[in-house]
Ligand code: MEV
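First comes one chain, alone, set out as structure tokens in the form predicted on its own.
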């Protein structure tokens, strides 16, 4: 990297980006089918400062240890002087809440702000490429949610178009949907997983003779879920969450621990499902009206780290400039 100093009026910077829950369509979206995501008000925050050597939380950057940071630096900071990145997050890693996407979006927002400003469609495209290269598989859903905030769909219906993305011959239209301002409960099972492994395993399962039929069912549930969300029909959304979970069982990415958590919350919720790649990670449930605390208690008693979330008001954003002492 160049040893030329970063202009002092550009750094240090602080940014944030939200995590996400997938409400409908995970795995099927990799095969071009619709997906509905909720960017949640649990965030990753970063500060970026000039430094003599590029580091993440005080440790020198390394391609094997920090693939997301390294690819972001190569894509968005090539030729610039070294920086020190400090990251704090409310998002558990490898749990289906988009921790890597939030990190990439927050870092991309910081580097973009330092080199000309934050352009959301451009940041969404860059964040997807960075995460895709680091993971080797995936769709732009997680990174789009981290960049855009709120309720977003890929290749869905309704809402308003936010941006469009492409990779080779694949195309995605990202739409923004109204926020009904519901409270959701997320419960972390504590079982970590590797997204790439789960995506590849589902890809193999969908290559079976009934794969096309399963994808059609995923699509029907996702599109129906978008319609029900737009109508603010909690009962229908809950029923469709349960249908989506059954499909995820069929393709083999549920887990006995996740099923135990969903069963524990059942009396208090409209419906629920795993969120993310599966094979561990988190479940997300929609409580019945007024039963939010009861659902939270049920999941906590079942041994999960459970917490309430709402839709994030904003996606990746600049918190404001810090002075060199961090004040």
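Bear in mind that the values here come from a model prediction, so they are computed numbers and not experimental data. Residue numbers count along the first chain shown, from 1.
Keep in mind the form predicted in complex with the ligand is missing from the figure; the text below concerns it.
Undergrad: Even though the ligand is not shown here, does it sit in the predicted complex so that 195, 199 and 277 each have a heavy atom within 4.5 Å?
TA: Every listed residue reaches the ligand in the predicted complex, so yes.
Undergrad: Tell me, which of 139, 244, 189, 153 has a heavy atom within 4.5 angstroms of the ligand in the predicted complex?
TA: Selected residue: 139.
Undergrad: Taking the shortest heavy atom distance, is residue 22 within 4.5 Å of the ligand in the predicted complex?
TA: The answer is yes: residue 22 has a heavy atom within 4.5 Å of the ligand.
Undergrad: Looking in the predicted complex, any heavy atom of residue 261 within 4.5 Å of the ligand?
TA: Answer no; every heavy atom of residue 261 is more than 4.5 Å from the ligand in the predicted complex.
Undergrad: Can residue 27 be called a contact residue for the ligand in the predicted complex at 4.5 Å between heavy atoms?
TA: Taking the distances in the predicted complex, the answer for residue 27 is yes, it comes within 4.5 Å of the ligand.
Undergrad: Given the stretches 219-227, 157-165, 139-147, 179-187, which is the single one in contact with the ligand in the predicted complex, using a heavy atom cutoff of 4.5 Å?
TA: Correct option: 139-147.
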